[in-house]
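Presented below, as structure tokens, is a lone chain in the form predicted on its own.
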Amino acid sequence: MDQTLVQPELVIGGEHRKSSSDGSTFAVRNPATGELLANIPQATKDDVGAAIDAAERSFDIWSETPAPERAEILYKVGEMIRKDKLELAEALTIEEGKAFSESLAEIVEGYDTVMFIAAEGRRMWSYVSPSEQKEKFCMVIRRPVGMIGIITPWNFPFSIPLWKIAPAIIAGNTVVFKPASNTPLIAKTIVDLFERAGLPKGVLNFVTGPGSVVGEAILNDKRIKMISFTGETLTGHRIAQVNSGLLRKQVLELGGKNPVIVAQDADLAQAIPATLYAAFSNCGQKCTAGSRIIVEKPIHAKFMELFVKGAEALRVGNGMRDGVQVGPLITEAARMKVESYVGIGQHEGAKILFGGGRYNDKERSMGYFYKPTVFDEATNDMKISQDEIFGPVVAIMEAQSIENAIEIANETRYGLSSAIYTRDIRSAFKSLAKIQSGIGYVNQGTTGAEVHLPFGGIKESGFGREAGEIAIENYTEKKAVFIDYSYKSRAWFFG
């Protein structure tokens, strides 16, 4: 195993330890080579209970710690991320598979997130309001929610946990953190950074294992006051059902089937490389991937010619190789899922213009690589146009007009991200107003959110928003405060 990857352990109340089980572990492999990286302890329900116990014990002291003092820990974490960014990016690429350049961008996003949220230690704005009575003061203060259950995915295993952990901690909450089982090593690095920065024991607890055991144990413990989850929509439905029964706060960032509209007046020199990146970066394993490209009829043929030529030129391989743009899928199961959908697309009548298979060369056949795949003649009723494949597969559709393109864009159960390429300001603003999505781009692909703006979707893409100022809203409760300093006996009806 590369030394940039930390050794796997649970962290419960500051204690690094193995699982309380009979020694059960699960394997983590490099998706580009199949190399075994580590055998990870598989936590039990008892381990999760102990982690929640530790979070509960630590809550009073941590929540009473002044927010600027909490912020100093986040600033230290940020500085360590900045200093170690190259080593962290290498570790991320080895475990998750994405190209090193993408991993480095993710590490930098993690740094940006931590530093942005750390500044909230001296803000966390609330407000004062005039009272309807004389000699009475009204204001709103923020209080932490309590113990937070944080469950994160493998496709952004560094930045997404920091989207959640940093605001939860700055607001005075304590955390039980379960990372995805495919990427627990880089997730453990996050915990180690906070420990090195001086975070008190028990504030951030770390448990690894399958969602059916560890996730369910977090979800079903009534002491957990909020669940923050990023993952696929089916699991999100399950989490929402349990949370509703417990009247618990939640943020659910789920799937996407994101449209990119290419208008007939688009600058194709700009649009082609951007849509290629939106579709195929991280091997299409992004909830914001631009997997549905809707092109106006007059330029459809030209767009297809250039897009296919661009897909053919993409450099696919081990993310640690210089110049590689697209890495592998995360697991063999993920590759089999992609293969299944490619077969479905062909059966439904869509036409493959490029890709649609594995690589046979010696190096790429060792990992979970799949060719970037371009479907033309797709229609919106096809599964490849409606289901989140989470792989390097794009469905291209033809539209008769911008209005027709917007109709096609909205005919999906998802509503996370959307984009349009156009020189016409009317088309741009029309799409922003009418496309049903939580994020909208003009002359940029569907990826590339910035940490100071809210991130999230509508419909089956989730519930709530992350990042930006709203992150503090997620992890605090507002308390209304009324102070009567008249020292007068008022009538019972406050007259």
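So that there is no doubt, residue numbering starts at 1 and follows the sequence shown. Quick caveat: nothing in here was measured; it's all calculated off a predicted structure.
The same protein also exists as the form predicted together with a small molecule; that form is not shown, yet it is the one meant from here on.
K.L.:
Using a 4.5 Å heavy atom cut-off, are 178, 229 and 390 all in contact with the small molecule in the model of the complex?
P.N.:
The answer is yes; 178, 229 and 390 each reach the small molecule.
K.L.:
Is there a heavy atom of residue 254 lying 4.5 Å or less from a heavy atom of the small molecule in the model of the complex?
P.N.:
Although the small molecule is absent here, residue 254 would touch it in the model of the complex, with heavy atoms inside 4.5 Å.
K.L.:
Can you work out whether residue 416 and the small molecule are in contact in the model of the complex, taking contact to mean some heavy atom pair no more than 4.5 Å apart?
P.N.:
Yes, residue 416 sits close enough to the small molecule in the model of the complex that at least one of its heavy atoms falls within 4.5 Å.
K.L.:
Please tell me whether any heavy atom belonging to residue 215 falls inside 4.5 Å of a heavy atom of the small molecule, as the geometry stands in the model of the complex.
P.N.:
Yes.
K.L.:
Answer yes if any heavy atom of residue 455 is within 4.5 Å of a heavy atom of the small molecule in the model of the complex; otherwise answer no.
P.N.:
Residue 455: contacts the small molecule in the model of the complex.
K.L.:
Go through 98-106, 235-243, 314-322, 343-351 and give me the stretch that gets within 4.5 Å of the small molecule in the model of the complex, heavy atoms only.
P.N.:
Contact criterion met by 235-243 only.
K.L.:
Find the only residue in 113, 173, 93, 155 having a heavy atom within 4.5 Å of the small molecule in the model of the complex.
P.N.:
So the residue touching the small molecule in the model of the complex, by this definition, is 155.
K.L.:
Which one of 406, 151, 73, 191 is close to the small molecule in the model of the complex, taking close to mean a heavy atom within 4.5 Å?
P.N.:
The residue from 406, 151, 73, 191 that makes the contact is 151.
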